[in-house]
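So this first bit is one chain, no partners, the form predicted alone, shown in structure tokens.
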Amino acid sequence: MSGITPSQYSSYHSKVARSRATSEPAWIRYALTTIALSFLALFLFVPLAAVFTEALRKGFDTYITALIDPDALSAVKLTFIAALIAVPLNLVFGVAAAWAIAKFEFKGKSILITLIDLPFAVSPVIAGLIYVLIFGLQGWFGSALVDNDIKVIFAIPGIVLATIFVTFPFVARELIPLMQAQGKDEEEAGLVLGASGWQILWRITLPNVKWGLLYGVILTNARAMGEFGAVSVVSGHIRGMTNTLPLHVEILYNEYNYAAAFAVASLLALLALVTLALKTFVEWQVARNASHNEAA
């Protein structure tokens, strides 16, 4: 062992321990791999293939006709409107909440963390019913809204509110552990050098968490476009007016218009695939940056 430093000796033994921990018999590795791939094929690849197969079963012309139908275009438009409003608002909230929780100590911090997790614990349908209870005709503010000719439930504002509620944890939940792991040293150094709070946020904090921030935005957008439960309760299912893409698929399917239903569903599937590709890219960038930091 002459010429070997203690650190090299420790590194050698850790590598040996890791190799022993992962050196399972070949049949076990093959069995686990087969089970995982079979599960993916049964619950992911087969349903995904079925969506596109059913969508194109009656030909490409029928597929395009279903997509350019005025009700379908209205559903696409409303879906994007809800996402374009909900995602930026949740982005601002997520950054502010994560920054406050990770960088500062204050009363009510644990309560804020609990409230951020609330949409994960509450059923989306219950969330929609809460908005009906508050803004519905018989709700707390129903009469005041009617007197001022303001529509929330069975209108776009209710859909946007429901979408915001079910999606607001994602950005914050991605940024909180990341900011906590990075600590406060760089922000405190910037403060000592005379940087203002906004300068610290824009030039130090956000650049350090940009990939986590993008990851949270991707998840938020995916949930906003695919949300069904809460939006279904507050939308009223008014065709061509308050139906998002998932609700439009449900209506077409209930009318036994399967080709059109699967055609519209294929749009959501394509959005899911694009989201998955972006998610994979962001994860790759995060892993790449982590490896570079370790090498440095």
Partner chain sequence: MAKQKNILPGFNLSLGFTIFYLSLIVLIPLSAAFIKTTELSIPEFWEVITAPRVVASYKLTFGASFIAAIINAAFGLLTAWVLVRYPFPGKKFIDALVDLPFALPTAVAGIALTAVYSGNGWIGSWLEPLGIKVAFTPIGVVVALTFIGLPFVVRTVQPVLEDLEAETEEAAASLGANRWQTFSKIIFPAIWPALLTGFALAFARAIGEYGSVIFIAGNMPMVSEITPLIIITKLEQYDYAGATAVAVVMLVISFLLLFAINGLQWWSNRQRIAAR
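Values in this document were obtained by computation on a predicted structure and should not be read as measured data. The term rigid core refers to the maximal set of C-alpha atoms that superpose within 1.5 Å between the two forms. Residue numbers count along the first chain shown, from 1.
Missing here is the form predicted together with its partner chain; even so, the following discussion is about that form.
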Open item on the list: If the cut-off is 4.5 angstroms on heavy atoms, which of these, A144, V92, L73, L193, is the one near its partner chain in the predicted bound form?
Closed with: V92
TODO: Look at the stretches 73-81, 144-152, 94-102, 206-214 and give the one with heavy atoms within 4.5 Å of its partner chain in the predicted bound form.
DONE: 94-102
TODO: Look up in the predicted bound form whether F60 has a non-hydrogen atom within 4.5 angstroms of its partner chain, and give yes or no.
DONE: no
TODO: Mark V286 yes when one of its heavy atoms lies within 4.5 Å of a heavy atom of its partner chain in the predicted bound form, and no otherwise.
DONE: no
Open item on the list: So, V125 and its partner chain: in the predicted bound form, are they within 4.5 Å at any heavy atom pair?
Closed with: yes
TODO: Verify the contact flag for Y256: yes if a non-hydrogen atom of it lies within 4.5 Å of a non-hydrogen atom of its partner chain in the predicted bound form, no if not.
DONE: no
Open item on the list: With the partner left out here, which residues of 99-120 have a non-hydrogen atom within 4.5 Å of its partner chain in the predicted bound form?
Closed with: W99, A100, K103, F104, F106, L112, T114, L115, I116, D117, L118, P119
Open item on the list: After a rigid core superposition, would you say the CA of G108 moves by 2 angstroms or more between this form and the one not shown, or not?
Closed with: yes
